[in-house]
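Okay, here we've got a single chain as structure tokens, the form predicted alone, with questions on binding and movement later.
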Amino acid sequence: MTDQTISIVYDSMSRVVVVRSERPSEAKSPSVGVFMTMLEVGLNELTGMVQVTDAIKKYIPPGVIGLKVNCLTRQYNSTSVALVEALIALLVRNGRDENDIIIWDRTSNELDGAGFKLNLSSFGVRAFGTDVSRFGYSREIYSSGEVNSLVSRILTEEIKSLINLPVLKDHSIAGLSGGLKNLYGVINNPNKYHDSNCDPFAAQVLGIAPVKEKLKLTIIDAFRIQYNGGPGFDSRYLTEYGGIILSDDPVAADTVALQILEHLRAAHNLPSLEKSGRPVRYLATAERLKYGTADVKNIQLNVKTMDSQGALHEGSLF
């Protein structure tokens, strides 16, 4: 299987929407309601559709939906529980069955530590890790370029569509931890793919067949961003950005996330990731492999801001 046979094809102009909240009280403890409004605005802007129902139908086919979160730092700065609950509420409001939604990550302990309620039952939203004995990893090795891995059976067997819900933060090797890096959590051997600042490996994981087939949407949690010292938690480098980033192009979403991360580093008198010896080259590699858009000239960016009264207006990325 070659990269060419599993390329993800995008239009020449990729769309990314950033929705930010100016509500000071929401910065540290954003509510489900605020996140729901932000998601509705983001999905409508991304699709150009008036009704969020139509936006959801555009991206998410019938069947079980997997919400891949990032819970590495557990309660400190993992994917927001409120953001995930808001997305679930939108899905359920638009006719999806709760039990057809799975919140998942590498391990159940990480999910539990981040505040997600574990559930393997036939009722309600399910939440569990790949390490649950009935799942684990595939027997088949999936290959994409230099990546050869077993893949979570949650992805290969249990879900029909995947929504990637990473946290935007700095990474000590990759430079950027966003959507592509979060997909390392679907394979059994991510430790093998950190050489050369994760290039080309982070790009090639996108080419793994079940990822390519099922990834429908990336929603990056950028409410609180750790701009240095990641991927572990370090409160010295945490700042409040108050946003989410949405795109159906995972590479474009990460490209915008990288712009934000570099801006925050400069604002705090830190050198660029390139000068820090952690250049983020895997995005350009992903574009060369035709998995998405890394050239900002080919990304249509739309930024919306919710003010302290809840009104929406045109916003700025920084």
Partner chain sequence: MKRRLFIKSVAGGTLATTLAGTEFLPRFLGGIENACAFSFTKQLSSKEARFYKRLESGGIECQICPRRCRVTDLERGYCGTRENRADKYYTLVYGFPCSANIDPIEKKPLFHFLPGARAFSLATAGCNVNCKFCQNWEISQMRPEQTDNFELSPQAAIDICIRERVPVIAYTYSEPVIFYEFMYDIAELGQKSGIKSVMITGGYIEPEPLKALLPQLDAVKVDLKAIREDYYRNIVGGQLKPVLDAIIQIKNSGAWLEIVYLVVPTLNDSEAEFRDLAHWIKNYIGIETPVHFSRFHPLYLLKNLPPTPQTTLERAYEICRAEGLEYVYLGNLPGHRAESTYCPKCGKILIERRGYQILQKNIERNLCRFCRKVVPGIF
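Residue numbers count along the first chain shown, from 1. Every value quoted in this text rests on a predicted model; they were computed, and no experiment measured them.
Not on display, but discussed next: the form predicted together with the partner chain.
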field: the partner chain in the model of the complex reached by all of Asn148, His171 and Asn191, non-hydrogen atom within 4.5 Å
entry: yes
field: One stretch from 119 to 127, 215 to 223, 148 to 156, 79 to 87 that, in the model of the complex, holds residues within 4.5 Å of the partner chain by heavy atom
entry: 148 to 156
message: Please identify the residue among Asp100, Glu240, Asp131, Asp112 with any heavy atom within 4.5 Å of the partner chain in the model of the complex.
response: Asp131
- line: Heavy atom within 4.5 Å of the partner chain in the model of the complex, from candidates Thr73, Asn197, Asn94, Ser161, belongs to Thr73
- prompt: Would Tyr227 count as a contact of the partner chain in the model of the complex, using a 4.5 angstroms cut-off between non-hydrogen atoms?
  reply: no
query: If you check in the model of the complex, is Pro210 within 4.5 Å of the partner chain, heavy atoms only?
result: no
query: Relative to the partner chain in the model of the complex, which residues of 209 to 233 have a heavy atom no more than 4.5 Å away?
result: Gly230, Pro231, Gly232, Phe233
